[in-house]
Every structure is written in C-alpha cells, then in structure tokens.
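Coming up is one lone chain in structure tokens, specifically the form predicted on its own.
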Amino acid sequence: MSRWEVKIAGFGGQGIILAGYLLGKAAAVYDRRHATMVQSYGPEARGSACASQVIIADEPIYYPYVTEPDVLIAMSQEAYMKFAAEVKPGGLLLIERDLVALDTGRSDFVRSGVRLHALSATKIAEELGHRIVANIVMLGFLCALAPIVSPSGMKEALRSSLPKSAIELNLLAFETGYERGLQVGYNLAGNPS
C-alpha cells in the first residue's frame, strides 16, 4: 500500500493552494487514487502564511489532515521554520532556495534522515517569463524526486484546471522543474554531473 502525506506551505500569492489542488487532482482524477486536500491561510489576500495539506493513498483516507508529512515544500522562511521539524525521518524537504535560509541556529531542527533539496523555483519561473509559475516549477521538481503522482497525471491536471492562455507556460514550468529534479536524482544515484 502506498500513502503520501504532503504539506505545501508559503505565503499568499505563491500559488500554494493551487499547487495542493493540482497535486490532489492529478492523483485522484488521472492516477485513479484516493486524495484529500485541506487548505489554510491568513486573513490577508497576499503575503500572509498559507498551506495545503494533501494526502494521497491507494486505500480510502479517513482523516484528511497531515499528521507527519512525508514531504514538505517550503516556499518561505516562515513555512520552513513552522513545519520543517515535522517532516518524518526519511522524508523529503524541498525548499525555495532564494527565500529560505537554513541556518536557524538549531542543529536538531530537521530530523535525522530527512532528504533536503533546494531549488531556486522563483528565479527559474522568472527566467521562463513569469514568477507566478514558481509553484509549478516546484511541483515538477517534486514529481521527479518522489513517486507521488505520475508526470502525465500532473500535466493533465494542469491542462484541465488552468485557463487556455496559461497552459503552455505552466507545462514549461512543470517540465523545467521535473528536469531539475531528474538531474538531482541522477546525481544522488552516484552518477557524474
């Protein structure tokens, strides 16, 4: 049985809620698995803390809240400080390299065995044409590093959820993040860069 608990966190305006929705839709609709998504956000429209909690499983899900994330995507310093210590040993922690500083002054902040990877998703998104797709770059990165949902399922979720005018850029953002993740995975396997 496969079960993934994923928390995506950052601040309003980064597409955190959309990223959780797309991940859950890819799993439930296109990969034919069970999925739940719970969202939380501050009262401000942009700039306040927000998070998506997504659970994906082969069996029915009876409790929709993430209790111990297998994966945390931290897109802001506040998200990292609030949730990084929750990632289970052996879990995956993905951070937005340019917005998250790892030096917290605490050596025990991240549990032992957590795999940590940083990606400049916002910078990559800006290079692609618009910083608003940083969340999609990070989803591509995630899909390459963990078998949570299929890349084809994520692409179909993007195509069916976004306005036609945004699909091409978002697919490019996903592919770019996915390629970066494959490069990391390739290097982790002990292969030369």
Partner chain sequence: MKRGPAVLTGVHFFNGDVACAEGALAAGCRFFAGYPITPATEIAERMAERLPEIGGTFIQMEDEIASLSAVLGASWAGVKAMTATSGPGFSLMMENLGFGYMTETPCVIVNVQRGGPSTGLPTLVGQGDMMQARWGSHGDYETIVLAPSSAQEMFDLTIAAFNLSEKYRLPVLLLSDAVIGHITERVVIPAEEEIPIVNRKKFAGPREAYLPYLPDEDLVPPMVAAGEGYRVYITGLTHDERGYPSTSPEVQERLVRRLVEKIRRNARDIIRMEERGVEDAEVVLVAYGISARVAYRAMELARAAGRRVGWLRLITVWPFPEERIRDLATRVRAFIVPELNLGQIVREVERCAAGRARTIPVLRPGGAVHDPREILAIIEETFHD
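Residue numbers count along the first chain shown, from 1. The shown structure was predicted, so the numbers you read here are calculated from the model rather than taken from an experiment.
Here the subject shifts to the form predicted together with its partner chain, a form of this protein not shown in this document.
For the options A144, L158, I124, A35, the one in contact with its partner chain in the predicted bound form, meaning a heavy atom within 4.5 Å, is A35. Proximity of A28 to its partner chain in the predicted bound form: non-hydrogen atoms within 4.5 Å are present.
At the 4.5 Å threshold, heavy atoms of G10 stay clear of its partner chain in the predicted bound form, well away from it. For the chain shown alone, Q39 is a contact residue for its partner chain in the predicted bound form, at least one non-hydrogen atom being within 4.5 angstroms. For G129, no non-hydrogen atom is located within 4.5 Å of its partner chain in the predicted bound form, even though that partner is not displayed. The stretch among 60 to 68, 129 to 137, 144 to 152, 164 to 172 whose residues place heavy atoms within 4.5 Å of its partner chain in the predicted bound form is 60 to 68.
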